[in-house]
Ligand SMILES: Nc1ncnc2c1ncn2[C@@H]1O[C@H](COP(=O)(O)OP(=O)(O)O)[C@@H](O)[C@H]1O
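Below, in structure tokens: the form predicted alone, a single chain.
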């Protein structure tokens, strides 16, 4: 198999993995009959989508499960590997059922491709039957589907935008990206400004909300869906803002899981959540970045950005082995009289394809920032705006809605403008 084919296979696996929703806080106990399955579950347990799950593994299969569960409460999910024949497996499951509490989900890993066995397992209430050998991603997807069945409302996706260093324009990219997702792709979107002390999202969207992220993370006991709705500031069609406080009355010493509850609530109600990450490397920032469904790294065409981007990519490659590579945006290119690393050389050094190369345009970005507007509002037909729309389509896997066409289109457009005025 050629390197190119292998690369395409890896990309297709990454694309499939990006659609797997994270599981809620559950307990999970795996009883493994083989070392290969135990190793796969150990790898799966470290994946970002199982981050909230408490996973325990035991060797021994069905016999061990019977011994353990007869003396302690059953977990939310039991993963049971068996090398027994059909009759022995079914008899063992009948015994195990006597020790399982109502609502316990059972996932069986077998070594026989047997349709009759599958039917019997389904009749007994087994949630899923996998055939060994299993891969970590098989485990992750199967457990996720136990809690996110087809036909239910989709879980919102988080898109984390982080700068390789300060001053590279990551917030500008994040805000314009959110605008493109909300307006051009017509998707309900929330932008969360996680630079709680110095965030600029309120300024960029010409908003001055009295409440924001700080009210959510510093009072977790009050946090629920109603409070989140009250904290959101409306920024236009399909776009809401959860702003940073931009106040220095307290330090931002958050615990590692301080944002978990807030992001869980946003996922339930919003298809796309754009996280404007601060340029800090704290436990909560690292956890939030690693746990995001999509990651965009914004860099400038200079050496410090190149080094830091490589370091971030290396960390994420280790922490997210079942995900695709983050998208790298090279911003502020073509600045007059500044020596720069060429985009092709930048991409070659990182061994990635750049998701976008955004040219430096002091007039366009300066006007937008000073007016509290997005690039699309200042110059809708600009190349820069097109880049943000393409990036939005890339991180969401969606396309821009088709415009109305035909003989009536000019009349409709004229009527719309007249109505707006």
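Because the structure is predicted, anything quoted here is derived from the model rather than measured. Numbering follows the first chain given and starts at 1.
There is another form of the same protein, the form predicted in complex with this ligand; it is not shown, and what comes next is about it.
None of the heavy atoms of residue 76 is located within 4.5 Å of this ligand in the model of the complex. At the 4.5 Å threshold, heavy atoms of residue 169 reach this ligand in the model of the complex.
This ligand is not drawn, but in the model of the complex it has no heavy atom within 4.5 Å of residue 39. Contact annotation for residue 369: at least one heavy atom lies within 4.5 Å of this ligand in the model of the complex. Listed residues 358, 32, 50, 28 were compared with this ligand in the model of the complex; 358 is the one with a heavy atom within 4.5 Å. Proximity to this ligand in the model of the complex, defined as a heavy atom within 4.5 Å, holds among 270, 104, 331, 158 only for 331.
You can rule out all but one of 160-168, 232-240, 256-264, 347-355: in the model of the complex, only 160-168 has residues with a heavy atom within 4.5 Å of this ligand.
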